[in-house]
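In structure tokens, the next block holds one chain alone, the form predicted on its own.
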Amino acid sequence: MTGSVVESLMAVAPALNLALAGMAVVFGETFIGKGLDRRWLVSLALLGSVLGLLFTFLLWEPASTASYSVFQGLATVDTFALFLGGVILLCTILTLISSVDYLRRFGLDRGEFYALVLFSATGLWVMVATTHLFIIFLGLEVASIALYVLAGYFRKRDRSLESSLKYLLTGAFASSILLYGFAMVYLATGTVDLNGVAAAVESGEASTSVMLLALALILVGLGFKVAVVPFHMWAPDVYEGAPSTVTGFMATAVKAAGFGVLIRVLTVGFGSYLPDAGTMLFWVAIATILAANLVAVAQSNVKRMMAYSSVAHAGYAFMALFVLTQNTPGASGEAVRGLLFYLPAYAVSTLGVFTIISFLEDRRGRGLELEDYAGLYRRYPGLSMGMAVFILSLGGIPPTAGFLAKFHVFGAVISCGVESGSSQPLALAVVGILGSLIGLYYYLRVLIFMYMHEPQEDDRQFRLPALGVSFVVLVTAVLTLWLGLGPAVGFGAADILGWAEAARP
């Protein structure tokens, strides 16, 4: 009995480390000024995150041979969960490091921030490490409640409080729709475990009409969480008002968890109904790619531009989900692998951008307009080079991770069209390429301002980037290039693609 409990705790060690570190930070805050320096709180938060990532690697080898469940099936340990959990933990570590200087400059360096990030990461890890629908919902709510607070962390800024309120209202609305969908699944099948749902569907016990309604509700609920059109309207305001490092975390870790749940729900529980979801995913992908890219062109605020960029990339990810709904086994496998590579490739580039944005932002809210980036290379040549790498990656320019990610996703869509003989996937690929071309316009505008415009008069004092900022920019830039070089390096895209292949549910 004791052995089984220990094994179960070891299986959820990544999430356990995050939760324990979060509680340690909360309790440690009470001793600040009584012999404990606040830097210890950051160290505790980073220790919990790094240990969680270490346990993720340790669990990978046993899970690669056979997945297993613990706590009576409430938690699932497989390569899919560990791969996405690793992405979430990496985003958490980089967010914590980049937040230290940012919070100190704004006079908001308190332990509660780091604890909330850890609790949110715990919820996201729980979401991807289970096949139980109500545990997915529990993890989602744990992550969301922490993010509602983080979005309004600048309590003296009206825009920050507005973003928190909007995120709370739309998040609650989306969660209620998602929970209603899960309840409909239980009504139709008598179970909330995805494996049991699949068995009920295959045996013909489930009501088709109820299951299709449940599928539509789940897609709408999760569509809000990953911000696809027409469920994206909260994203620009929330991304703009939230602290920049929190925005980076929301745009990366939250999306990774959301797409992880979508993949698992579609492939495990609703496999028989995938063709019925295809039409919805097709039109959502097209609307998301075109609308987000076109609106992003008109943005002058860099954070709002990145918000619409995040929406557009969700549309590209939906292209891969669409392939899953088609009866093309070869292309479907390629789509899952491509999407699983897309998530970390997009994450490192986006985190790099928001780290630089957080450094340039000042206490009066300046540093967020395109004009503020004019002549940036003269003041910060290193950060400008990093920003160029990230922008080119998000635009899909080789030899960056973004190019290879789009190559695999678009390749899967084209393969689906060839394999099925349908023109629908090929039309989607054309829209994806068109959207990428539009995206290049507003991405390259940032580089034009940085390298081809003269700097404006600025009364802000020049300051060197903090060590944490430089570290995060360097790491994300190296990963962005490394993952884009493919088989040209010993450990890079080839390995990540191999892990993504092994992580297919």
Partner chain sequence: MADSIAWIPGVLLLGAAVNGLLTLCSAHRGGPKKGMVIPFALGAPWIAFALSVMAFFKVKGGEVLSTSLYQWFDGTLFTVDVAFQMDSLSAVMILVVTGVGALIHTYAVGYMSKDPGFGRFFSYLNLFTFFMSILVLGSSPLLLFVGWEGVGLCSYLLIGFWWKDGAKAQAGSKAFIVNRIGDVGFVLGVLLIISTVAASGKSVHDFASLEAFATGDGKAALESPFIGSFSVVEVAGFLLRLGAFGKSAQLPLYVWLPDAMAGPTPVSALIHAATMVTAGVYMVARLHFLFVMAPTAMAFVAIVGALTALFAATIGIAQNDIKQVLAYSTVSQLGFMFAAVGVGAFSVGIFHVVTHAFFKALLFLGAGSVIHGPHEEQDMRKMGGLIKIMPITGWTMIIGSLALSGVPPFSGFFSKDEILASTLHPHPAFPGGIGPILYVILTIASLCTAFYTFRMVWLTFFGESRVDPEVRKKAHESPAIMTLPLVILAVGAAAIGFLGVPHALGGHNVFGSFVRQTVTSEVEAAHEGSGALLLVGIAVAIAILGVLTSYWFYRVRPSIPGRLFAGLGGFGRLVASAYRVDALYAKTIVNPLTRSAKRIFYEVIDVRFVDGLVNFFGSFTKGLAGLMRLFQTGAVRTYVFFMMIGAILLVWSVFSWS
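What you are looking at is a predicted structure, and each value in this text was computed from that prediction instead of being measured. Positions refer to the first chain, counted from 1.
Below: the form predicted in complex with its partner chain, not depicted.
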* **Partner-facing stretch of 83 to 91, 399 to 407, 173 to 181, 98 to 106, counted where any non-hydrogen atom is within 4.5 angstroms of its partner chain in the model of the complex** => 173 to 181
* Asked: Is Ile438 close enough to its partner chain in the model of the complex to count, meaning some heavy atom within 4.5 Å?
  -> yes
* in the model of the complex, does Leu376 have a heavy atom within 4.5 Å of its partner chain? -> no
* Asked: Is Asp276 one of the residues lying within 4.5 Å of its partner chain in the model of the complex, judged by heavy atom distances?
  -> yes
* Asked: Does the 4.5 Å heavy atom contact test between Trp234 and its partner chain in the model of the complex come out positive?
  -> yes
* Which one of Leu74, Ala216, Ala388, Leu368 is close to its partner chain in the model of the complex, taking close to mean a heavy atom within 4.5 Å? -> Ala216
* Gly330, Pro230, Gly204, Gly190: which sits within 4.5 Å of its partner chain in the model of the complex by any heavy atom? -> Pro230
* Are all three of Ser272, Gly411 and Val475 close to its partner chain in the model of the complex, meaning a heavy atom of each within 4.5 Å? -> no
* Structure fact -> Restricting to 194 to 210, the residues within 4.5 Å of its partner chain in the model of the complex through any heavy atom are Ser209
